[in-house]
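Just the one chain here, laid out as structure tokens, in the form predicted on its own.
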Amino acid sequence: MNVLVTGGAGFIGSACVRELVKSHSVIVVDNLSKGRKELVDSKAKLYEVDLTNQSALESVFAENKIDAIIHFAAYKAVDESMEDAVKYSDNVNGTINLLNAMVKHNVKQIIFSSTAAVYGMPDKDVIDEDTETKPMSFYGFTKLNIEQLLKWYHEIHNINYIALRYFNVAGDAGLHYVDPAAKNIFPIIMEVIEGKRDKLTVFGTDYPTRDGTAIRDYIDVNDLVDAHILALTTKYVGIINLGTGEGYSVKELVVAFKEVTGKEFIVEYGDRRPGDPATVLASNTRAKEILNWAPKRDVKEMIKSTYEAYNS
């Protein structure tokens, strides 16, 4: 199968490409704004192209036979999206260009990198795919809007899609990826350990959880890649959550980091951040049933691979 991977030089995309080239021909499209050229497996063909550049994207389709697409490319910082809607509208505009190229070149399958941010702040701890979507950021809105576009292109142009809604992705796939603009807790803790930050601030100690700090569902990037590759071979059309169904509190994560890395670091406890729910866990029942997928790696393995990546 000839697979086009957008955003294939980024954290998740490059990990996926590394696995795909073992059994598929892979074409990568990435504007390299955050992706790194050296992370792209040498067996893949790389195009430095932005999806908003319709003519350049059209050239990629014209030069290559494409059977399926895995679509990672997107801006993804929640806070930035609330300050720069113009920039984040490119998530939607680029996807429209991609879908139109698929129609023109008769490409009938796309796996889309979506997000749990489409749910906003649900009133239940365990989130399944039927949970109401109420994004609380423009980033979440763009992802939900793209899911709706996929549904319409399926109905009108018979393009099959699976939208994989991720929860908190962590770990390393052996490519030693270091986040250049850390927003998530794993790379933030690593920056504290490395001395790039003075301390880790934990927001909220009075949540109705087992230790008062917020609980989140962390999924290993390698497990995530496995799900994308499985999705390429299923006929299902629709939404699938990707998570472990289990959660770690922030305090538990801090203890695990110190245990695995053997490093001490300063932790400061502050007030809750507005809009942060107490517990967010994924139901992965649908992923198990449809993809025959289940997460294999635990939080300590994610911490170990992250630590090794930052110290490579």
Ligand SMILES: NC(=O)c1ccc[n+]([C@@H]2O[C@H](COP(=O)([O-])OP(=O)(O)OC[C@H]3O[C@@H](n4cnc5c(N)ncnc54)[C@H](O)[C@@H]3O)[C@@H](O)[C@H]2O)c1
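Note that residue numbering begins at 1 and tracks the sequence as displayed. None of the values given here were measured: they were computed from a predicted structure.
Not on display, but discussed next: the form predicted together with the ligand.
- The ligand is not drawn, but in the predicted bound form it has no heavy atom within 4.5 Å of Arg216.
- At the 4.5 Å threshold, heavy atoms of Phe72 reach the ligand in the predicted bound form.
- Although the partner is absent from this view, Asn64 stays clear of the ligand in the predicted bound form, with no non-hydrogen atom inside 4.5 angstroms.
- Not displayed here, the ligand is kept clear of Leu46 by more than 4.5 Å at the level of heavy atoms in the predicted bound form.
- In short, of 260 to 268, 31 to 39, 246 to 254, 273 to 281 it is 31 to 39 that has heavy atoms within 4.5 Å of the ligand in the predicted bound form.
- Listed residues Phe186, Tyr119, Phe167, Tyr161 were compared with the ligand in the predicted bound form; Phe167 is the one with a heavy atom within 4.5 Å.
- Taking the ligand as it sits in the predicted bound form, the stretch 51 to 68 comes within 4.5 angstroms of it through a non-hydrogen atom at just one residue, Leu51.
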